[in-house]
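Heads up, the chain below is alone and in the form predicted on its own; it's given as structure tokens.
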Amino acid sequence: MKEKPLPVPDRDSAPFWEGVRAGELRLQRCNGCGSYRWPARAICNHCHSFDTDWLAVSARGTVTSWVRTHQAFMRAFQDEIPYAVIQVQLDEQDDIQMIGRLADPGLEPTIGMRVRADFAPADGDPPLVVWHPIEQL
């Protein structure tokens, strides 16, 4: 079995992955206008400020789209198919959407399902963000 690829934090994403290691979902927030940014980047797309902080957020959101993957595009994932990949609109801001895996592979996601981020150990570091329906927590 081949090893699974893991995220490689870079200058912009390192604070996000530090939060994941600490069990928190963190987002960049602009100090100029207060808007959250995802993915991380140097300049605010709302007010063009470079002044930013990283804050822990609720890690809750709503499923806005999903797909069930039935084909392993990498051998490392062959034993895990099928699984659901969901798009989650975070509660903090309507235009912040994250893509991730639904933690329970047998669960059928639905549009509007409420979910919460969790942090699953990976075969290396950092842990990965997975999503659980809020009713199951």
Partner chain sequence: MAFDLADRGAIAGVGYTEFSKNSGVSTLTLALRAIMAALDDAGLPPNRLDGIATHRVGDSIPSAVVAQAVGIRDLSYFVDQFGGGGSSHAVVGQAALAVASGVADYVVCYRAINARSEFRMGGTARPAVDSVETQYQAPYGYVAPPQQYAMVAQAYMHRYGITPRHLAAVAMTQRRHAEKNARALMRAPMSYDDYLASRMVADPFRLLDCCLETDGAVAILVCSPERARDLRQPPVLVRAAAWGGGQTLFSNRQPPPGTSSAAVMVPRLYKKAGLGPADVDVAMIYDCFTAAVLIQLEDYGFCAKGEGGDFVLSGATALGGSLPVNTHGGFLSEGYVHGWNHIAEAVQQLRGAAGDRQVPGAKIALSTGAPGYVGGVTSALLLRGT
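Numbering follows the first chain given and starts at 1. All of these numbers come straight from a predicted model, not from anything done at the bench.
This next part talks about the form predicted in complex with its partner chain, which is not shown.
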Original post:
Taking C30, A42 and F50 together, does each of them reach its partner chain in the predicted bound form with some heavy atom inside 4.5 Å?
Top reply: no
Original post:
Taking heavy atoms and a 4.5 Å cut-off, does L107 contact its partner chain in the predicted bound form?
Top reply: no
**OP:** Answer with yes or no whether I134 is in contact with its partner chain in the predicted bound form, where contact means some heavy atom within 4.5 Å.
**Re:** no
Subject >> Partner contact for A103 in the predicted bound form: its partner chain, 4.5 angstroms, heavy atom >> reply: no
Original post:
Might R37 be said to contact its partner chain in the predicted bound form, defining contact as any heavy atom within 4.5 Å?
Top reply: yes
Original post:
in the predicted bound form, which residues of 47-85 put a heavy atom within 4.5 Å of its partner chain?
Top reply: T64, S65, W66, V67, R68, T69, H70, Q71, F73, M74, R75, F77, Y83, V85
